[in-house]
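This document starts with one chain, in the form predicted on its own, laid out as structure tokens.
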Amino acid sequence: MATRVLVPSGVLGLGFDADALARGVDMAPDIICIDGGSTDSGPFSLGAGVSKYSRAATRAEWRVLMQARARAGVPLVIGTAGTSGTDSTVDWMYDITTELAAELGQSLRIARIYSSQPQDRIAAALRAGAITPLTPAPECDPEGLANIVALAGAEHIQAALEGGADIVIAGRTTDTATIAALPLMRGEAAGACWHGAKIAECGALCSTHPTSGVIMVDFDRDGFTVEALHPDARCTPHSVSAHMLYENSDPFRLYEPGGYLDVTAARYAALDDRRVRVEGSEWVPGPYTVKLEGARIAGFQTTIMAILRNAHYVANAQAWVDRLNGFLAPEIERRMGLTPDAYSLDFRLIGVNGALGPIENRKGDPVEVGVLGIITAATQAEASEIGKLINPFVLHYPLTDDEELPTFAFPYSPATTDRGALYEFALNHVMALDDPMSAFRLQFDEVTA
């Protein structure tokens, strides 16, 4: 008897095909699992403890999934709730869930898994030698970090399911843990559980129609079968096997809490034009470690934008920026008393080298160039003041001393924008645990319609 897992999308907030989801519910899944976030967009969500996704979009999609869960009569699980999986974003997702439960008239048992880590716990683990750096990793210093999370594994989702949860809202988890949890509980092949979960983590990205979202995975004692549910999507041996390359430094090994997945012997076979069967994956048990992620404030930022359209300045945009930088540094020091090591002023040339900077090796012929100035300082007040100080020069500064004063375009007014705190990742380590649950907190709540 297989365990059937329905995955509506790679992440809540990205969208999914409603008809494909309905088809999946009609196929009688045993559980519905979806991811809620990742570190893909950088450290801000983790540092600030907020979701990068729209609350309205999250609420609308979660409403549909809560209705699907009620119709299927199975648990609904979200991992890494609210993008970063901090305690604050778990509670944000819980508030959305209780609002919708009242609106839909649903009585629910809701489990919350909290993954945030106090600084003193990390400091104690560091002193005990229980923390190991990954590569690359900064020095582990928990003091001053805005938020620290540990990535939960399958055991944490299983504890919530064993507690009778209708809905599980998990903090930071590995991308695969939510999907692998129930099949592992039921005794399906461990290698298949972790491999199938890896393939399914991003929804239909393992198919020929990645934006369609919805897939179904059947796990059993010998392997797993994956199927894309949109009528225009197909899972092929190529599309399925290729997903082991996605966000994974080793295409044959995937490390999880308590061991690693080895797909060296895995074999992929098309059952028909929509489904792929995979067997031969192995799970290799090992020490139980959880990955740590942390972010700290690295300064405060203000941005300024100008657009160059004069052909002379477009052709010499880098030379103009270099000259402007040389002029501004002494001006900032003279007027504000700040030496260049007290702040950062970085100009990006959009349309020239905005993404790669000095390592850009392609040259084009742009009609216009956007000049984005990024100011980073110790306080928002300093960053904002630098932005105002350089404003007239970004608008008018000449390329040479003996030419007319130019005027460039500001796309909006005021030209400067205060961005607030700049966060940076400050942990890339694993922490050894004797008890998988010891660094996590599980809470159950009854919501009555």
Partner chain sequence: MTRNPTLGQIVTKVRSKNAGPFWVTIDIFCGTEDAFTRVTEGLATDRVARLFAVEPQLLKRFDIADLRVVKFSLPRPVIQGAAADRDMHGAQYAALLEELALD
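Numbering follows the first chain given and starts at 1. Everything quoted here is computed from the prediction, not taken from an experiment.
The form predicted together with its partner chain exists for this protein as well; it is not shown, and the discussion that follows is about that form.
- Note on contacts: among Tyr246, Tyr288, Tyr343, Tyr313, the single residue with a heavy atom within 4.5 Å of its partner chain in the predicted complex is Tyr246.
- Contact with its partner chain in the predicted complex, defined as a heavy atom within 4.5 Å, holds for exactly one of Leu422, Met27, Val50, Leu395, namely Leu422.
- A residue is said to contact a partner when one of its heavy atoms sits within 4.5 Å of a partner heavy atom; Arg275 fails this definition for its partner chain in the predicted complex, lying far away.
- Using a 4.5 angstroms limit between non-hydrogen atoms, Thr39 touches its partner chain in the predicted complex.
- Proximity of His238 to its partner chain in the predicted complex: non-hydrogen atoms within 4.5 Å are present.
- Although the partner is absent here, Arg348 lies within 4.5 Å of its partner chain in the predicted complex, judged by heavy atoms.
- Checking 96-104, 361-369, 149-157, 323-331 against its partner chain in the predicted complex, the stretch whose residues place heavy atoms within 4.5 Å of it is 361-369.
- Applying a 4.5 Å heavy atom cutoff to its partner chain in the predicted complex picks out Asp346, Arg348, Asn353, Gly354, Ala355, Leu356, Gly357 from 338-357, in order along the sequence.
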